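Just one chain follows, in the form predicted on its own, and it is written as structure tokens.
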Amino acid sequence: MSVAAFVVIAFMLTMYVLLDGYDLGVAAIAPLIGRTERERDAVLASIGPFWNGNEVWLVASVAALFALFPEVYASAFSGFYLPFVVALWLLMFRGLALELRRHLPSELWRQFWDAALSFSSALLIVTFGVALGNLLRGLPLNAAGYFQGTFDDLLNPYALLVAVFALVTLGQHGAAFVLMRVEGGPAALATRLLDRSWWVVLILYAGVTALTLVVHGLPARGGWLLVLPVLSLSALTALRVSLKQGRPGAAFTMSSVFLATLLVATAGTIYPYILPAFPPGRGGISIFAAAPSSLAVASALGVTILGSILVLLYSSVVWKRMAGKIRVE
């Protein structure tokens, strides 16, 4: 049951990154691909029906973590409390920017909220990237499983590199979404941005992978993890081929596959620890030690799976009803 709970939470977080990742990326790069007010309107309209529904996956993931692994939830907040509060404020500020930017007929008003939206989205990606980097690297935990470092410990070089990688990768993901959803000037600029950012993503991916191998070494168990870099590079290559062939839907799909392989590799690297300790090899909080009774896990798991199915159905209906491209004019 503990393994099933770990897989379900990993799936929910993967869905959050794939779905909210593209609208975070779109908002972050909006000033680069929307040079006029009308172009920015079209770019942001492409995520308008989806962004608030996509964030449900984050809320559901945190709730599932609390229900399935309460010890991990408590320990994570002891170390990531400040980043979590920052992320909460950025999520609220981002929602305000999307809803308020058109409420007053003032160019200065719209420019302020557009800048606030891009800044908060980019900083939110960086915040989540730092958290992910520290999760991969491990956290300084005491014998009771509580964080015993400082905020400065979280801003280590490895976590910052992962944060930069996350920012560029989700920017690429957002550009692929705009190319699929918007016609006109933004699509042309998104194509150019995708063409240039692809090389940056490739270099950063190689750097993060190499450093992860230095930190963790080659996997002693689960040799299937060695297949994932091949799948990631294949998806990244297919993304570029799809871009050159003028197939925006395939490019966005390959971007999603690339992100999914990265997150599966992350889950496989830290397993069976859901909150590994630093330095690697010192253990941490495992999924078997952190889970409550079997009955509690089974009950929470049933509710979590049912909720995930409902969210998937909602998302599929919204995507179907909002299909088609947005024109700048």
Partner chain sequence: MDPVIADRLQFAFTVMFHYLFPIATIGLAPFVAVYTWKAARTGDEETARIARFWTRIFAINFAAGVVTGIPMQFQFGTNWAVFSRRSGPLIAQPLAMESMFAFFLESVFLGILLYRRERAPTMLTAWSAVLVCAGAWASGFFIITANAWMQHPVGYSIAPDGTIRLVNIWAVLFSPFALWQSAHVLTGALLAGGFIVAGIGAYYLLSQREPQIGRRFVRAGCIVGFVCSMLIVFPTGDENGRDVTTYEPVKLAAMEGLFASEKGAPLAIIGMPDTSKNDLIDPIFVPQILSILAYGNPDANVKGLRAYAHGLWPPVELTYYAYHVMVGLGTIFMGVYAIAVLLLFRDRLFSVPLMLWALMLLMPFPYIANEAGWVVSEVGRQPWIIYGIMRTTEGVSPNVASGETLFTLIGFAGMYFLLGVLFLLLVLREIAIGPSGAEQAARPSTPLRMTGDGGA
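Remember, predicted model here, so these are calculated numbers, not experimental data. Residue numbers count along the first chain shown, from 1.
As for the form predicted in complex with the partner chain, it is not shown, yet the points below apply to it.
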Does the partner chain get within 4.5 angstroms of any non-hydrogen atom of residue 216 in the predicted bound form? no
Is residue 315 close enough to the partner chain in the predicted bound form to count, meaning some heavy atom within 4.5 Å? yes
Would residue 244 count as a contact of the partner chain in the predicted bound form, using a 4.5 angstroms cut-off between non-hydrogen atoms? no
How about residue 9 - does it come within 4.5 Å of the partner chain in the predicted bound form, if we only consider non-hydrogen atoms? no
From 206, 233, 85, 115: within 4.5 Å of the partner chain in the predicted bound form by heavy atoms is 85
Please pick out the stretch from 160-168, 117-125, 103-111, 197-205 that is in contact with the partner chain in the predicted bound form, where contact means heavy atoms within 4.5 Å. 103-111
Contacts from 65-87 to the partner chain in the predicted bound form (any heavy atom within 4.5 Å), listed N to C, are 66, 67, 70, 71, 73, 74, 75, 77, 78, 79, 81, 82, 84, 85
